[in-house]
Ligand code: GNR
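Heads up, the chain below is alone and in the form predicted on its own; it's given as structure tokens.
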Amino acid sequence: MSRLTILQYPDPRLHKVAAEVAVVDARVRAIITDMFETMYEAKGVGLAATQVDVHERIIVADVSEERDEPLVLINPEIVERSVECKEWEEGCLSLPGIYDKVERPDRVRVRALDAQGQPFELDAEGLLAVCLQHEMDHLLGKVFVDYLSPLKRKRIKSKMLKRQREAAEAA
């Protein structure tokens, strides 16, 4: 197993739309294994393949406190959304240390394939619903800061670029 590199905002590859997974095979399962290792090591609750420069419709998530409820979604799609929305403070492994409020539907029903390629549907609410919507946005080339005002996005982009410059100079 190898830990994958998480792309950092504003990397343009984060805005690439992911392709559908045609076949769930050993190659895809190896990506899933690496994504879980990367997500757990980075202390995240979700990770989209786009974030590790794999532009396929794959998400891994685990919102449990014990980190023992891994969830795999391949080719996920939202088939139902609640009318009720809720504001959550979101963060992202591609924007470490950056958090802001985003309003999303409080409940969603998602249809996807599991790691064996079997179809399933999942009703999610609360943190899991937010996590799945956030990660599905990544597959569409969206980052949570895209929901923020242009001024906030500009400030976050400047902060991230400054951090990346400082890290490169220190290396």
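Since the model is a prediction, treat every value here as computed from it, not as a measurement. Note that residue numbering follows the sequence shown and begins at 1.
Omitted here: the form predicted together with the ligand. The next part is about that form.
S.K.: Run the site superposition, bring the ligand over from its position in the predicted bound form, and let me know if the shown form is open or blocked under the 3-atom, 2.4 Å backbone or C-beta criterion.
M.R.: After the site C-alphas are aligned, the pocket of the shown chain is open to the transferred ligand.
S.K.: So, I32 and the ligand: in the predicted bound form, are they within 4.5 Å at any heavy atom pair?
M.R.: Taking the distances in the predicted bound form, the answer for I32 is no, it never comes within 4.5 Å of the ligand.
S.K.: I'd like to know if E89 sits close to the ligand in the predicted bound form, meaning any non-hydrogen atom pair within 4.5 angstroms.
M.R.: So E89 counts as contacting the ligand.
S.K.: Within a 4.5 Å heavy atom cut-off, is L93 in contact with the ligand in the predicted bound form?
M.R.: Contact check for L93: yes, within 4.5 Å of the ligand in the predicted bound form.
S.K.: Does any part of V110 reach within 4.5 Å of the ligand in the predicted bound form? Heavy atoms only, please.
M.R.: Judged by the heavy-atom cut-off of 4.5 Å, V110 is well away from the ligand in the predicted bound form.
S.K.: With the ligand left out of view, which of V28, V145, V52, V130 would have a heavy atom within 4.5 Å of it in the predicted bound form?
M.R.: None of the others qualify; the residue that does is V130.
S.K.: Looking at the ligand in the predicted bound form, is some heavy atom of each of V45, E135 and H138 within 4.5 Å of it?
M.R.: Every listed residue reaches the ligand in the predicted bound form, so yes.
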